[in-house]
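Okay, so here's just one chain, in structure tokens, the form predicted alone.
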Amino acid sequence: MNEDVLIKVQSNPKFKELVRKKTSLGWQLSLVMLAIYYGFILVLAFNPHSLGTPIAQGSVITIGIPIGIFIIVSAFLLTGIYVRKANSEFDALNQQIVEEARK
């Protein structure tokens, strides 16, 4: 990439918007995942017996198992949210930036 195209792209307001939106979404989703994960760790550290409580009387499945599954599933969901946003909004904005840089 030559220097002129690079300057064109970096000075494009749509590029700045794309960077801002991607950064903002990335931080938001990261904070949600960190809150979920560290919330689990805090419960584990300060009240570990609560996770060992059976779901129902006589059940061998404890509350910790669905919570663990929730943590794993939430990671996939948050990744899916980012991918969906990237494939729709971010890719369209990226394409506009590329087209404007070619002019």
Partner chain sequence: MKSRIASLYAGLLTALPTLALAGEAMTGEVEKQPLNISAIVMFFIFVAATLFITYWAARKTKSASDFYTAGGGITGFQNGLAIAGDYMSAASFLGISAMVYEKGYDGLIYSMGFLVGWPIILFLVAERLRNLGKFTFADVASYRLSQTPVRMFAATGTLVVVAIYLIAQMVGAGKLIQLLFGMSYGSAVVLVGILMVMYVLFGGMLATTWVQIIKAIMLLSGASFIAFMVLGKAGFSLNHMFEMAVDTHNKGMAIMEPGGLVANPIDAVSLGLALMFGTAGLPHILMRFFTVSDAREARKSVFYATGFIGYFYILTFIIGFGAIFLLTNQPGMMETVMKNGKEVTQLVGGNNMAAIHLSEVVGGNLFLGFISAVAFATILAVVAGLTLSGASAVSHDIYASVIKKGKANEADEMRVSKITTLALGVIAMLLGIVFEKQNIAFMVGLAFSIAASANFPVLFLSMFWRGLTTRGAVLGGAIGLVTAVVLIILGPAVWVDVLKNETALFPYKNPAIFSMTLAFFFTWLFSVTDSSRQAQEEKAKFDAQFVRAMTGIGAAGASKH
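Superpose the two forms; the largest set of C-alphas matching within 1.5 Å is the rigid core. Numbering follows the first chain given and starts at 1. Here the structure is a predicted model, which is why all the values come from computation and not from measurement.
Not pictured, yet referred to below: the form predicted in complex with the partner chain.
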*Answer with yes or no whether G68 is in contact with the partner chain in the model of the complex, where contact means some heavy atom within 4.5 Å.*
yes
Taking heavy atoms and a 4.5 Å cut-off, does G39 contact the partner chain in the model of the complex? no
Restricting to 73-98, the residues within 4.5 Å of the partner chain in the model of the complex through any heavy atom are A75, F76, L78, T79, G80, Y82, V83, A86, N87, D91, N94, I97, V98
| request: Superpose on the rigid core, then tell me if the C-alpha of L77 is displaced by 2 angstroms or more between the shown form and the other one. | output: no
When the two forms are laid on each other by their rigid core, does G68 show a Cα shift of 2 Å or more between the shown form and the other one? no
At a 2 Å cut-off on C-alpha positions, does G26 qualify as shifted between the shown form and the other one after fitting the rigid core? no
